[in-house]
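Taking the form predicted on its own, here's one chain by itself in structure tokens.
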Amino acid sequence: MRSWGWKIICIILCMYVVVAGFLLPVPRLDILNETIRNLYFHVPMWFTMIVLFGAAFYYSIKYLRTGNLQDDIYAVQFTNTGIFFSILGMLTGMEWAQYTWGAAWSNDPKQLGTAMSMLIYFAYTILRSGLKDDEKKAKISAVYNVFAFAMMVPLIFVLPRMVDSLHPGNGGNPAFAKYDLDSDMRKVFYPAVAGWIMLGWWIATLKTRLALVRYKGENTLQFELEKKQTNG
């Protein structure tokens, strides 16, 4: 995925979504009104977060199987980027809720489940910062990452659907696709999902490449120091 083709497509899609998201017509619905445009940003942020956390979950399992520290670096950077998009998703959701539900935070089950998932992943970064040995840090955080992803799924997708909720698609409420997402909005929403996911993946891969360069540089320097000490 090092070719520039998909990156150019990512830039085009994101630019299209930003422009079309604010300029193209949207359904005139009660309460939602113009705020429905947030669908092009809020929902894709969550999709991007899930994809990135899923990738981190994959690399964590891969590390536990291989013991290759490079897989741990991939897991860390995909997790960190996923946390960034979770913050964007939460902020855009709170902004939307302020105008449609009357308050940025209403203790909605979806909000609570998402907040708990975010706290679990925030704890992941704290856990790593408290460990010094690289192999021990990688192994413990990989196990934690696996359980974090396993807990995120029911917190976001299962439990909110079992109780009353203001959020579309939860607590008996129909999802946007069933009554709001018309043909004009689909022309922007689907490119938005693809564009933001590609952007998140791009950011994560850039961070990973930088981390790998740093890791290899530190290892090379350490090897040279040990060699000098041996020869000396």
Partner chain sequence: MGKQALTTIFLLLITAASASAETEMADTMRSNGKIYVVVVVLATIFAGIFAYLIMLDRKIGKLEKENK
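Numbering follows the first chain given and starts at 1. Quick caveat, the model's predicted, so the values are computed rather than measured.
Just so you know, the form predicted in complex with its partner chain exists too; it's not on screen, but the next bit is about it.
Engineer: Would Val26 sit within 4.5 Å of its partner chain in the model of the complex, counting heavy atoms only?
Structural biologist: Val26: contacts its partner chain in the model of the complex.
Engineer: My question is simply whether Trp202 lines the interface with its partner chain in the model of the complex - judged by any non-hydrogen atom within 4.5 Å.
Structural biologist: Close contact exists here: in the model of the complex, Trp202 approaches its partner chain to within 4.5 Å, heavy atoms only.
Engineer: Please check if Glu34 has a heavy atom lying within 4.5 Å of any heavy atom of its partner chain in the model of the complex.
Structural biologist: Looking in the model of the complex, residue contacts with its partner chain include Glu34, since a heavy atom lies within 4.5 Å.
Engineer: Does any part of Leu206 reach within 4.5 Å of its partner chain in the model of the complex? Heavy atoms only, please.
Structural biologist: Answer yes; at least one heavy atom of Leu206 falls within 4.5 Å of its partner chain in the model of the complex.
Engineer: For a quick test of understanding: in the model of the complex, does each of Leu119, Phe122 and Leu127 have a heavy atom within 4.5 Å of its partner chain?
Structural biologist: No.
Engineer: Are there residues in 7 to 45 with a heavy atom within 4.5 Å of its partner chain in the model of the complex, and which are they, in order?
Structural biologist: Going through 7 to 45 in order - heavy atoms within 4.5 Å of its partner chain in the model of the complex - the hits are Lys7, Cys10, Ile11, Cys14, Met15, Val18, Val19, Phe22, Leu23, Val26, Pro27, Arg28, Leu29, Asp30, Asn33, Glu34, Arg37.
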